[in-house]
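Following this are structure 1 and structure 2, which are two forms of one protein chain, each written alone as structure tokens.
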Structure 1
Amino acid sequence: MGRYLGKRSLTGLLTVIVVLVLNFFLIHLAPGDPITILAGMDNPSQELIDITKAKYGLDKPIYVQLWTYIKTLLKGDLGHSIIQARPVSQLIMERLGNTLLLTLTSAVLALVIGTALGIAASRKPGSALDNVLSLIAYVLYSMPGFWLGLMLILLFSSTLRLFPTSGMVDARASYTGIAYVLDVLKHMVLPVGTLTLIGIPGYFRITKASLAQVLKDDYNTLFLAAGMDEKKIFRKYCFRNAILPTITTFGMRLAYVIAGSATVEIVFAWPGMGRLVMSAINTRDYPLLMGVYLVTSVSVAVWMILVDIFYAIADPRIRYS
């Protein structure tokens, strides 16, 4: 197992390096001057050009530039957004909490609901319930999240006037304490609902597939032959065998909590990473865009390794190999 984890960690490290190098070359391959990209504005002043040149060693050979770039990043300096006149890392930290509030809530909801529905459908394969749920899963699976968000706004806000359409708090009222929390919860309903609905089919399908597999496993026959209750076999043996793929899927999905909800956040004007990305695109704020990408990919790589470790602990077949 030590070797396995070592190998996975190496892959993670390589991934981070590849992402860094990729970012570096994207800046250089893109049409236009790397200085304008790194400085973060179209017409930088001579002073800013000089500062940027010195900081990233732009007059040095390209491999020195690459090294300087990586060293800067390793210090935690993700660059500077000129448009917002602030360090990229600071901008990201400000928004991260809001995004995690949405994505983590909906990730857990989708896991629980999706798995429960998957188990319900597996109880009687081919039944009306199974067919209806599978159809709904297909439709949701094929739906762009941002469009579903718009439709929920149309239904629940514009028509039924139940929930607010945008933002995280009511800007006109300045709530505090419990009232503030309730206000945020009210604003969360639609975006969380959208993300949950989009996430459900994945868990539904994986649960159904792995249960179908596991119910055919030979140990079922043995336990049945031994006179064990079908319910007990399901609860103790099938469930434990079937749940591992679900947990891995959940773990892997969690890796994308930072950036996975960008388009939905934009629909609901949620003050998270998605909005940050959108404004970076609109104002051509490349340092910000790349900073977000770096943070996302590094966190994905690290998280994936953690998931592997967890999986290795949970599954004895890996633990002892």
Structure 2
Amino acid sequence: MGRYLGKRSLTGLLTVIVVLVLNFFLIHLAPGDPITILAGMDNPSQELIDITKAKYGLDKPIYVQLWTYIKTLLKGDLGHSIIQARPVSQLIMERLGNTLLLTLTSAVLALVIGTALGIAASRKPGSALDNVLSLIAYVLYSMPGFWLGLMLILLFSSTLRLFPTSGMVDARASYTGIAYVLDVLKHMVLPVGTLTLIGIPGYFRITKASLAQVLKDDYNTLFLAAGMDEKKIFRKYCFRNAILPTITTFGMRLAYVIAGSATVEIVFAWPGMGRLVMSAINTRDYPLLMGVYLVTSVSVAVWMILVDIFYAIADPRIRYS
């Protein structure tokens, strides 16, 4: 197991390095640059543009810029945002907690609800319950997250006036203590509901398909013939075998939890990583983009390793030598 984890860690490190280099070239070779945006469109001073580019090293060859960035990164410094003139690590840490609060909550809810509905449908295949749940899952699966978010805003905010339309807190109220927590929870309802609803169909379909396949295995008939309780067979054998694909899906969703809700965050004006990424893209803020993509790639690598470890724990048949 230790040798396997060592190999996977090395593979993850190499993946992060490759992604870092590719992102650096793609970002810098894309049209536009932050200095031109800073200079503005109305009679920009070419002399000022040249001086500013020299200040940030953008006048040097791209391979020199890459080497400079790597040396800075090895010191534990993600650089400074060109547009916001603040450390990239500081900007990321300010938004990271907000995004994790939103995405982790919705990911867990989608996992629990989707898996439970998949189990209910698989126990009675072809029934009215199965057909209704499958229809709802297909409808939700076809809905774009931003569109569903807008519909929830129109219904529950504009029409029923039950929840706020945007933001994380009510800036005019200045709540503290438990009142602040309740205010955040109230603002979370619609964005979390949106992410949960679009996440449920994936877990539902995977759980249902896995259980349908496992329930057809010969050992189920053997255990029933031996007089074993059907609920015990399902809980101890069928469910544990069928849950592995769901674990993989959940791990992959968590890997992209940092930047996987950008559109929903924008719709609800949630102050998270998604809005930070979109702002950096629009302004071509190279250091900020590189910092966000680096954190995302490290997150993916780490979560993939954790999923493999959990696989071995969940299924004793899996051993890594």
Partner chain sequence: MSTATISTNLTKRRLREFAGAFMRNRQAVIGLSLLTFILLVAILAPVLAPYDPYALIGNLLEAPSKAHPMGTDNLGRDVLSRVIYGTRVSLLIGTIAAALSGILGTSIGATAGFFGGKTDAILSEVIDIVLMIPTFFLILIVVALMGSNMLNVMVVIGLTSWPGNARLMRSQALSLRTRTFVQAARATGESEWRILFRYIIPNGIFPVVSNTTMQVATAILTEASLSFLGLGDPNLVSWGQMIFNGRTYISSAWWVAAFPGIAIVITVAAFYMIGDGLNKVLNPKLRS
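The first residue in the sequence of structure 1 is number 1, and each one after it adds one. Just so it is clear, the structure is predicted and the values come from calculations on it, not from any experiment. Take the two forms, superpose them, and find the largest set of C-alpha atoms that agree within 1.5 Å; that set is the rigid core.
Of the two forms shown, structure 2 is the one predicted alone. Once both forms are overlaid on the rigid core, the distance between the two CA positions of residue 10 between structure 1 and structure 2 is 2 angstroms or more. Fitting the two forms on the rigid core leaves the C-alpha of residue 266 displaced by under 2 angstroms between structure 1 and structure 2. Structural comparison between structure 1 and structure 2 after rigid-core fitting shows the C-alpha of residue 51 displaced 9.7 Å.
Once the core is aligned between structure 1 and structure 2, the alpha carbon position of residue 284 differs by 2.7 Å; this is the C-alpha shift at that site.
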